[in-house]
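For reference, the chain that follows is the form predicted alone, supplied as structure tokens.
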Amino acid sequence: MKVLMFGWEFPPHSSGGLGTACAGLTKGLSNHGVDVTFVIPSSKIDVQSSHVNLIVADRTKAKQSISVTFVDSLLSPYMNIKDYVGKLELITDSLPPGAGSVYGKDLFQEVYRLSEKAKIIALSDNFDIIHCHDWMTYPSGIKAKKVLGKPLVVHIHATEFDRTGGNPNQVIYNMEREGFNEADKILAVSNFTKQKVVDHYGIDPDKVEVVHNAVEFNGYKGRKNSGINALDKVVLFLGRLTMQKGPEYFLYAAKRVLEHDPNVTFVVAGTGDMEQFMINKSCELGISDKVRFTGFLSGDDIDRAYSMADLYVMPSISEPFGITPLESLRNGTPVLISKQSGVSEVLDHCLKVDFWDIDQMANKILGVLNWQELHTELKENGKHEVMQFSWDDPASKCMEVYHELT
């Protein structure tokens, strides 16, 4: 079976959980004998600053039936309207005088431009299924479906309601809704997400199949060498610093914890539009000396961050799934997650709290840090539980959908 798959990121050309999920899912599909052509947008600047050749070489060396195709575009992971304008201006400034840009004048025009190229790619092989990940790729999938006459599967990892806290951009919302309506089947990463698709977009629940994410085991052997005061316990936040992830609640809980136990260091790993807010807020709360900001992490540094921590906290306001708790448990670090997350549906050996309940969050952090029996139980049982996860399982569910449609 040949699958034409559209996404907006793929490791190492990625900055979030979507790329991790796409890499895991395509590997699982490959293990089932599926031939995947994965298409992502990438400008010349992006390609020059990434390890694109390593992606291709690794896939070829592994003899997996996955090929990564880059389409010249200014679109990039988690891009917003302002980000696109800035990137377009950077490109335009580098052009010779009088030369015009080939890229779209705004984010949405560039999404359309990518969809026009998708029609050409679709005709390059005899694909059986078209599979798209999140809103930027839905117009591409719709046009590929029309030229090929093949079934379209759209995979929703986050809705516009998740990203904006319930205040969606109308144009993006319309693109999502059109993608859902044009799709032959919708895959949601959790029941939490499925319900949002049904409630906010008016989609028949029978059209939506839940396919939970998984985690890949990379054999990383972590070492606790953080450079942090050896007397301090370490609590970690790792993720994009955006409203959806609730990083400010991590700081509010940190303030409560430090009032009871000053020997704790809080590490914030990631970047995003709330980064400066987070730095300022830590100063405002009077805890800046106990909060470390690492910036964006990738590769082994991610596992190293998990392994140095005594507890990982994911206080997301609206998390469709959330792979990071699985990554933390993979490294033997207990987790505290918000109840407003898809991963809470499949993970039992962890602590759960409402994202807004900073008192309960602080109490549970203190419990794990100060009660060794609880820490050990969460660590051992959590790691055993996550060992049962495999990308072959969601790949099998995708295969069932593919066969149902073909």
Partner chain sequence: MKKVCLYFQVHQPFRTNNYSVFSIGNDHKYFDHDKNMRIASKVADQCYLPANKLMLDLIRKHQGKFKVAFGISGVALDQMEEYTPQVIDTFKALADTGCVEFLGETYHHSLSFFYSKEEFLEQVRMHDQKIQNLFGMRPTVFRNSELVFNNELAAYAESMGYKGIVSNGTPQALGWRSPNYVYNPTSTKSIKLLLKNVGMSEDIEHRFSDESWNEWPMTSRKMAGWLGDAEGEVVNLFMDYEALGEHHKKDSGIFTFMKQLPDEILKNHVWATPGEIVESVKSAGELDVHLPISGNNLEGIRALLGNNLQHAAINRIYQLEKGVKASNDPELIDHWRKMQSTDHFHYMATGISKNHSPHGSPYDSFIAYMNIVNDLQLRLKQPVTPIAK
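Rigid core: the largest C-alpha set superposing within 1.5 Å between the two forms. Residue numbers count along the first chain shown, from 1. Everything quoted here is computed from the prediction, not taken from an experiment.
Unshown form predicted together with its partner chain; subsequent notes refer to it.
For a residue to qualify, one of its non-hydrogen atoms must sit within 4.5 Å of its partner chain in the model of the complex; all three of Arg256, Gln360 and Leu378 qualify.
Within 4.5 Å of some heavy atom of its partner chain in the model of the complex lies at least one heavy atom of Leu351.
By the criterion of a heavy atom within 4.5 Å, Lys364 is counted among the residues contacting its partner chain in the model of the complex.
When contacts are judged by a 4.5 Å heavy atom cut-off, His200 does not count as touching its partner chain in the model of the complex. At the 4.5 Å threshold, heavy atoms of Asn31 stay clear of its partner chain in the model of the complex, well away from it.
Within 4.5 angstroms of its partner chain in the model of the complex, the stretch 149-178 places no non-hydrogen atom at all. Met361 shows a C-alpha shift of 2 Å or greater between this form and the one not shown [criterion: core-superposed Cα displacement of 2 Å].
Once the cores line up, the CA of Leu311 ends up 2 angstroms or more apart between this form and the one not shown. Residue displacement note: Phe266 has its CA displaced by at least 2 Å between this form and the one not shown (rigid core superposed).
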